[in-house]
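A lone chain, given as structure tokens: the form predicted alone.
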């Protein structure tokens, strides 16, 4: 067959495998999940029975769900700004060439490649009240330390501390975006008498605003939906349900209490909450004209 008779490759040919994967791995399971939410499916029975709005009425009267929702929203309100601040700060700090800068960048990215379970087990040692290094550092300044995972407030802080380390993706995005900015803009600003902080406020942050909004949205989704491993390994939702985040609560109902249908409904609620939080963020961005 000659090369002239071959059909040219179209973009649809490249997108087709991804479209099939999205259909089979995301769309179809989402539709099944929606159907299970209105049944009494336990995950063990073959023929679930349709129960209408029974699970929804159960959700409205579920005080543990309200505790889980409050814990999740608190976690997002604290973790997302701190993770974004750390990623942006380190990305801007290490964007300029400097001696040893390559090794510092490797050090920032390294925790991201560590499996979540391994990092959580490491933090069990870090937060140990008897021999953990964090309490030993506090002891150097005369502080008696905390029983980190035994008190509600400090347990939440402990989970947030762990999630401050795997920020490699956001760090790399900020690093790459900063290096793409035209250096002549900064030369002109310096000639006008604009110092480093003025350049940061008037040039760098406005030009990086679309990237920062993208990272904030991405981190919100990540923090709301992918905080299962640290909470489950570090505290298992304890103490006093302080770290009973929605993914942990969904797991408990779906796989420990054989309440697969109720877990399916909670999954839909989590998706709706994530969409609502992101919508609020984008409306705030539009109102404050951040992207202009």
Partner chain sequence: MSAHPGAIRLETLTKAYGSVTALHDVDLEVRAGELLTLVGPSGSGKSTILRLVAGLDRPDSGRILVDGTDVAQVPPHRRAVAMVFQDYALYPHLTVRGNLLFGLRVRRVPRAEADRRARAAAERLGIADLLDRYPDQMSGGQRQRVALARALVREPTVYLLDEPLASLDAQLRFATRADLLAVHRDLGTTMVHVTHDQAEAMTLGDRLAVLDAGRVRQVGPPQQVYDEPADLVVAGFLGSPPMNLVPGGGVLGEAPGLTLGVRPEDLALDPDGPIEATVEAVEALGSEAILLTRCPDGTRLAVRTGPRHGLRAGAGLRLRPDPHRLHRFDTETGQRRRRAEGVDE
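Residue numbers count along the first chain shown, from 1. Since this is a predicted model, take the numbers as computed values, not measurements.
Another form exists, predicted together with its partner chain; not displayed. Remarks below refer to it.
S.K.: Name the single residue among 126, 213, 189, 119 that comes within 4.5 Å of its partner chain in the predicted complex, judging by heavy atoms.
M.R.: Looking at the other structure, the residue within range turns out to be 189.
S.K.: Only one of 94, 82, 194, 161 has a non-hydrogen atom within 4.5 angstroms of its partner chain in the predicted complex; which is it?
M.R.: Checked against the cut-off, the match is 194.
S.K.: Look at the stretches 168-176, 82-90, 110-118, 196-204 and give the one with heavy atoms within 4.5 Å of its partner chain in the predicted complex.
M.R.: Checking each option against the 4.5 Å cut-off leaves 196-204.
S.K.: Classify residue 185 as contacting or not contacting its partner chain in the predicted complex by the rule of any non-hydrogen atom within 4.5 angstroms, answering yes or no.
M.R.: Heavy-atom contact with its partner chain at 4.5 Å: present for residue 185.
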